[in-house]
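Below sits a lone chain in structure tokens, taken as the form predicted alone.
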Amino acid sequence: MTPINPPKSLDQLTAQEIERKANIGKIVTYTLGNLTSTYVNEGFQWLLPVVLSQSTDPLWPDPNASIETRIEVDIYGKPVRTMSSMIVHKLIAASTVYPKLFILSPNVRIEKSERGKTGKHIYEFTQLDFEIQNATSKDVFLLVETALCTLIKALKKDMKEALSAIGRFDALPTLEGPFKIFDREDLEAKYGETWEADVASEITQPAWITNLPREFYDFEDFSTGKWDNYDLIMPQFGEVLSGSKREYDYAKVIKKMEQHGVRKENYSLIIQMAKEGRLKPTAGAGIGIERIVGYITGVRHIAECQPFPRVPGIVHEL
């Protein structure tokens, strides 16, 4: 993999780079407006995000996690962590008050410094995180396919000037659903460990990848060893979304926590609700905003989509 130079801070940009940054900003604004409108129109409630919490995503044993530091502070005599993902909050919220919800959720994941040159990793990012009670993976697929196909079509109609200014209008293909579905085991057998990059380089339309061994809350069929979860891979780019059908059965949740070495004290509310039968079956996902905009704009590093780049290994004053 060829290392990618990180984006500059705002004060270092040339006049030409400022114009490019401004056009990318217009596309970010349009993308956020279009996606959030789609979810609101589909009956989702838009929740406000959480930044500090006792409970957040363990990011384990996901092999793609590469966290160097976990930020923990004491407030009011209790340890809290910066949000790495609002998955725990989504499961509780969708099981109680908000059966269809989404959040523009800020995530802090202090990635190892070497990931700063992949072009796909940043240590602060925003997800459009959503969850649906009593939904299946197919429900999620249809929702996301409709949202992304609608977004790209609208962008090419309404944002031609901005896309053309950064040389992306002609190169950005119109998307058509349904997207193909691949099983991770089949891809590993065909390509080996580099299956994600190989698939991204070959496909011309987005593709779903299923059956990915991950965290305790992703649904696993113990009888077959298959996982009912998914990533969405974009052509020539890679992953922009990760999600799953969720675990809600008490015995399975406990067993998987113990298998994965998860600290149960950090997830006592999920455990209690599952034990009482109050944790409902849900499915959902998180769309990385910087990643989907990175795909749309064709940037070399997704931090170029941020006003204040958050590149692993680099700390700017702002």
Ligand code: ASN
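Fair warning: this is a prediction, and the values are worked out from it, not measured in the lab. Residue numbers here begin at 1 and follow the sequence given.
Below, we refer to the form predicted in complex with asparagine, which is not included among the displayed structures.
Colleague: Tell me, out of 242, 118, 137, 211, which residue has a non-hydrogen atom within 4.5 angstroms of asparagine in the model of the complex.
Modeller: It is 242 that has a heavy atom within 4.5 Å of the partner.
Colleague: Using a 4.5 Å cut on heavy atoms, which of 59, 27, 274, 47 is close to asparagine in the model of the complex?
Modeller: Looking at the other structure, the residue within range turns out to be 59.
Colleague: Pick the stretch from 262-270, 64-72, 27-35, 285-293 whose residues have a heavy atom within 4.5 Å of asparagine in the model of the complex.
Modeller: After filtering at 4.5 Å, what remains is 285-293.
Colleague: According to a 4.5 angstroms non-hydrogen atom cut-off, is residue 89 in contact with asparagine in the model of the complex?
Modeller: Residue 89: no, not in contact with asparagine in the model of the complex.
Colleague: Could you tell me if residue 129 has a non-hydrogen atom within 4.5 Å of asparagine in the model of the complex?
Modeller: The answer is yes: residue 129 has a heavy atom within 4.5 Å of asparagine.
Colleague: Does at least one non-hydrogen atom of residue 85 fall within 4.5 angstroms of asparagine in the model of the complex?
Modeller: Residue 85: contacts asparagine in the model of the complex.
Colleague: Is residue 217 a contact residue for asparagine in the model of the complex, using a 4.5 Å heavy atom cut-off?
Modeller: Residue-level check for residue 217: yes, a contact with asparagine.
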